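Taking the form predicted alone, here's one chain by itself in structure tokens.
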């Protein structure tokens, strides 16, 4: 779970439920289109796990990954120009007007999230679709996910919905 919040004040959350991801790349493609990124820049990455044997069958799973919008982001602290910033709602983003493309943020990030957009020489990373959120809209990755592997909303509601889905799944199994 990636939670975007300020201390003691829950805001929004992007819930990643890898068990629902089918590896269709809709989230990745939608993000690239929304932010006009070249094919080499992926701010949402789909990690393929497998194939591996499960009994006599081969299976594989997928894990959508994106920026974790950390509480104390190393990328923000490391950025020499102040281009990497954190908003009061917890969204971490890079300001292309200030970014010099030095990639110090990419080295500092423990998850390797920031990436150099070779087309413009600036850092590309998930910005939480901050402009969409400011308009009351969902991030495009969650909006375009056909299986609801990515769900966005108030943290209390998102967690409650996830618990209800898990309870229904358990009830059906009985």
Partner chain sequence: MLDYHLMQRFTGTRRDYDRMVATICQECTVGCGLCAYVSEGRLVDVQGDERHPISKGRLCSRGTAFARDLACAERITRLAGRKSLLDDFEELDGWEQALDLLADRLKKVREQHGPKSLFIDCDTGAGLDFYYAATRFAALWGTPYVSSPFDDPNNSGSTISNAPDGDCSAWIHSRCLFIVAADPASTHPVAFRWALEAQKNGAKIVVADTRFTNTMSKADLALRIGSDAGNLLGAALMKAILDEQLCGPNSTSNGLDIPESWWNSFDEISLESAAKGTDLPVARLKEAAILVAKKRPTKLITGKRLAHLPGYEIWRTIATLMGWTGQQGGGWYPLDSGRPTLCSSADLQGENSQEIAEKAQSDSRSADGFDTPRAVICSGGLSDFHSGSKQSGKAPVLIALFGCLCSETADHCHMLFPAQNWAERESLFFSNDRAIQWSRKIVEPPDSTRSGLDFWMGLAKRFGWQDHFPWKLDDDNADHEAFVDWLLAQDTSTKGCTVEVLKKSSEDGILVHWPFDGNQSLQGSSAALVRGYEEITPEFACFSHQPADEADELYPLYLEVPDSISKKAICVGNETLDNGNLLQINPEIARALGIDTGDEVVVQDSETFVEVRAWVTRMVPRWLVYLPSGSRNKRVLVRKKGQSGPDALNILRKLL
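Here the structure is a predicted model, which is why all the values come from computation and not from measurement. Positions refer to the first chain, counted from 1.
Just so it is clear, the following notes concern the form predicted together with the partner chain, a form of the same protein that is not shown.
Chemist: The partner chain isn't shown here, but in the predicted bound form which of 30, 116, 108, 70 has a heavy atom within 4.5 Å of it?
Modeler: The residue from 30, 116, 108, 70 that makes the contact is 30.
Chemist: I'd like to check something about residue 26: if you look in the predicted bound form, is any of its heavy atoms closer than or equal to 4.5 Å to a heavy atom of the partner chain?
Modeler: Yes - in the predicted bound form, heavy atoms of residue 26 and the partner chain come within 4.5 Å of each other.
Chemist: Is there a non-hydrogen atom of residue 145 within 4.5 angstroms of a non-hydrogen atom of the partner chain in the predicted bound form?
Modeler: Contact check for residue 145: yes, within 4.5 Å of the partner chain in the predicted bound form.
Chemist: Can you work out whether residue 112 and the partner chain are in contact in the predicted bound form, taking contact to mean some heavy atom pair no more than 4.5 Å apart?
Modeler: Judged by the heavy-atom cut-off of 4.5 Å, residue 112 is well away from the partner chain in the predicted bound form.
Chemist: Would residue 21 show up as a contact with the partner chain in the predicted bound form if we use heavy atoms at 4.5 Å?
Modeler: So residue 21 counts as contacting the partner chain.
Chemist: Listed by sequence position, which residues of 25 to 63 have a non-hydrogen atom within 4.5 angstroms of the partner chain in the predicted bound form?
Modeler: Stretch hits, in order: 25, 26, 28, 29, 30, 32, 33, 34, 35, 36, 37, 39, 42, 45, 48, 51, 52, 53, 57, 58, 59, 60, 62.
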